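Next comes just one chain, in structure tokens: the form predicted on its own.
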């Protein structure tokens, strides 16, 4: 079979935006790893265009080309033609899911589109992980290495679902916080820091119980129908709020692209938590604290490349009384990329090692990053002697210390 079969496939207009200039090549992590044109955005778009024209089919080679891509969207940030590569990538992955289903890939997409959005199943799985963490020394090396990337779930705060927090002082707006799938169970401290800072900044915060997973992982893996369904659920859950905020970079990036998955997108404005908190600091609704302690900041791809958010998290770090130490002017992906590190451990491991080496070269042991996947990847490759923390946690921690 040649051509497309889904309604989310890459369009001729989107494909023709690429003029094959090659400016994306040095910014693509998989091209850097291999030097292979087929592992570059330009090569992948060429293959998509060939499928669109009926020259090639969605075959094993096409699946491998797209499967090797991290979806980091670094190419978008440097593209003079404004090629929507993230959209092309998700559309092509949906075609692979539709035209080349296998038992393993179908089960994987079932997990991403159905299991992760089911709160009780995630909570049950988290309970199992807590037990495994306690048995860490008895587990095989590969399993233990995965656990090393996680926070200690025994210390995780209770769920934020259903919570309503009233603002300090004059109300600014009503914020709906995306709880996400694993964020609430595995990174609850980030939610609690986000809610507290939003409340201090004058926002009324609600965490609707009717919400679900943002759908990013499902969309990236080609589970288009589930991605659409999850977007519809969240559009209804967040009806009536002024701003929808996510404190995971991958989630906020996907929320910003909801218009591709549900007609009109989400009704409210969507923002990453770092943008909202940086605005509050700039407006004087949150204080700037004194200090110059150096920390490393690592750019999550879906903040830097997908949303072009770079200064805001650094503003938060500086406002917390810390000096930002840069490690990578190009913002190359750390290799986490959702479930990429599970599916492509060799490539992900090489990228993770390179990022960890950049951190070690600074001599600093505190790393700030605004995405859970990046945090787990960094912790896995850096080890226990390094601390990896979200910008809002770092700022709130210092804020609480100052008020003692």
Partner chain sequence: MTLFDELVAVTDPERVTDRPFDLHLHSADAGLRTGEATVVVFAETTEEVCDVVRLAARHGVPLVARGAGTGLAAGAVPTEGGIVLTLTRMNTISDIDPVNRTAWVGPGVINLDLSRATAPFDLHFAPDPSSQQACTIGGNIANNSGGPHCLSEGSTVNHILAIEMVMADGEVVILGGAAPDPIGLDLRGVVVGSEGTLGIVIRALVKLTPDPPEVRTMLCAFPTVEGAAAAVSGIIAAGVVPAALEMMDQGMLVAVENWLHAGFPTESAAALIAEVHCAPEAADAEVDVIREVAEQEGATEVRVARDEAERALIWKGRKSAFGAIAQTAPNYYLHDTVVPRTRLVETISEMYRIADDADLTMMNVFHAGDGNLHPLIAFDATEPGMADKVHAAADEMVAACVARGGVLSGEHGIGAEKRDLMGTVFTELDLDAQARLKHVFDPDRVLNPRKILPAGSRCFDYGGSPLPEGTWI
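Because the structure is a prediction, the values reported are computed rather than measured. Residue numbers count along the first chain shown, from 1.
Here the subject shifts to the form predicted in complex with its partner chain, a form of this protein not shown in this document.
Contact annotation: of the candidates 360, 344, 379, 32, the single residue with a non-hydrogen atom within 4.5 angstroms of its partner chain in the model of the complex is 32.
The single contact residue among 356, 47, 339, 364, judged by any heavy atom lying within 4.5 Å of its partner chain in the model of the complex, is 47. Annotated contact segment (heavy atom within 4.5 Å of its partner chain in the model of the complex): 328-336, selected among 328-336, 249-257, 231-239, 287-295. For the chain shown alone, residue 22 is a contact residue for its partner chain in the model of the complex, at least one non-hydrogen atom being within 4.5 angstroms. With a 4.5 Å cutoff on heavy atoms, residue 18 counts as touching its partner chain in the model of the complex. Put simply, residue 77 is close to its partner chain in the model of the complex: some heavy atom of it is within 4.5 Å. Although the partner is absent here, residue 349 lies well away from its partner chain in the model of the complex, with no heavy atom inside 4.5 Å. In the model of the complex, its partner chain lies within 4.5 angstroms of at least one heavy atom of each of the following residues of 36-58: 36, 37, 38, 42, 43, 46, 47, 50, 51, 55, 56, 57, in sequence order.
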